[in-house]
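Only one chain is shown below, in structure tokens, and it's the form predicted alone.
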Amino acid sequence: MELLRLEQVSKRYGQREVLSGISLSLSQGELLTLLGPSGAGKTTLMRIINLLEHPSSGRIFFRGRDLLQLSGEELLEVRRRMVMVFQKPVMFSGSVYYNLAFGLRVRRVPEQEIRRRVKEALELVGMQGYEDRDARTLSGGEAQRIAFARAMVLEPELVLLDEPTTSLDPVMEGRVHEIIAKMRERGMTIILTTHKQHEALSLGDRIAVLRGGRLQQVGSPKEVVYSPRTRFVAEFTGMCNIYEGEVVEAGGEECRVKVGEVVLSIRGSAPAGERVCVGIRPEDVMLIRTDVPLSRRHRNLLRGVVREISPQGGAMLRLHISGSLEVLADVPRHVVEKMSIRPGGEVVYSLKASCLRLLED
């Protein structure tokens, strides 16, 4: 069921356009991540959704109701069904309990119910026993968790999380991710902004990539990572092998693109003579054993010399390969060892036609 829909939302500050023609929908229970660099317009979009700012044009629907047509009690009623956790949470002067109870008291929730909700929220964020602590003395990570608890006691339908882990260390970031998982278990619908690709990919059901106030692509993590539409999306999600070339042959489901002195077969269509941008992710570069006959299924075979091998995390290594093309390949450590690959050694590799992507500039 659709909970939220944006139609051609734009925002200007004088002559400066911060958002342009944003159209998005959000289903109940979904987690949508807004991914993009600083200045992409992520926070402005969140403030508009939360009705802290009005768009210069466009429409916003919440459960089918046009929010920009509401006022007074109707608008207040809808606003109370959503809550925003800011990048740098501000604690009210007073105890942690006071901070969590404040919004509920404004809504005239009975004190017994307030105590139940506060206790449950503190348990969910792993901060039992903090009720009497002065909220102004909390560390950054503790304040962020209390901000989550303060949002959760309100039992909102929509939670807006604006860069919630930006200033946190990896341990605290992991704890916040655990809290978000618990929120999802409770059926909450969430929009989360981040500039961290790993966060967007691991948490989101769908990812919306923003650049300069414009949507570049919206899709599942798999679609955005492995089928990026633009060069920006490809680079921002880790596709580091990107080349410019010219289509020398077109037809059917494949085309052939000349990159330097190399001609690559690529799954996709583009007219002959057109300048294009092509890319492949480092984990899709396939090393080929030279002690067995080459198979016809191997496309775009190239030779190169391993210039450097560096750790890539976990059991993966990154190979820097020089030759006709400069290529980065992420390869399992056991493969590197089994093939006796060393810096200075020659390798044969394949850039699979099905993994190469034509990218819009």
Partner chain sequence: MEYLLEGIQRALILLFSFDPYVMSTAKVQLMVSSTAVILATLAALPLAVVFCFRDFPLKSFLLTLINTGMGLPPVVVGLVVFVFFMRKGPLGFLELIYTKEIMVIAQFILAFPIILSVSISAINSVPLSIRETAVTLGAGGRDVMLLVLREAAFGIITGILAGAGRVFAEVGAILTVGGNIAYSVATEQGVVTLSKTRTLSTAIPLETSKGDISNAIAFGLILLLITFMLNLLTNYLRRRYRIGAAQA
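Computed from a prediction, not measured in an experiment: that's the story for all the values here. Positions refer to the first chain, counted from 1.
What comes next is about the form predicted together with the partner chain, which is not displayed.
Visitor: Quick one: of D205, E155, D134, E178, which gets a non-hydrogen atom within 4.5 angstroms of the partner chain in the predicted complex?
Guide: The residue from D205, E155, D134, E178 that makes the contact is D134.
Visitor: Counting any non-hydrogen atom inside 4.5 Å, which residue from S71, S139, Q112, S93 sits next to the partner chain in the predicted complex?
Guide: Of the listed residues, the single hit is S93.
Visitor: 72-80, 237-245, 211-219, 277-285: which one contacts the partner chain in the predicted complex at 4.5 Å, heavy atom to heavy atom?
Guide: In the other structure, the partner sits against 72-80.
Visitor: Can you check whether R107 is within 4.5 Å of the partner chain in the predicted complex, heavy atom basis?
Guide: Answer yes; at least one heavy atom of R107 falls within 4.5 Å of the partner chain in the predicted complex.
Visitor: Tell me, yes or no, whether M172 is in contact with the partner chain in the predicted complex, where a contact means a heavy atom of each within 4.5 Å.
Guide: Contact check for M172: no, nothing within 4.5 Å of the partner chain in the predicted complex.
Visitor: I'd like to know if M84 sits close to the partner chain in the predicted complex, meaning any non-hydrogen atom pair within 4.5 angstroms.
Guide: The answer is yes: M84 has a heavy atom within 4.5 Å of the partner chain.
Visitor: Looking at the partner-bound form in the predicted complex, is L52 within 4.5 Å of the partner chain by any heavy atom?
Guide: Because a heavy atom of L52 falls inside 4.5 Å of the partner chain in the predicted complex, the answer is yes.
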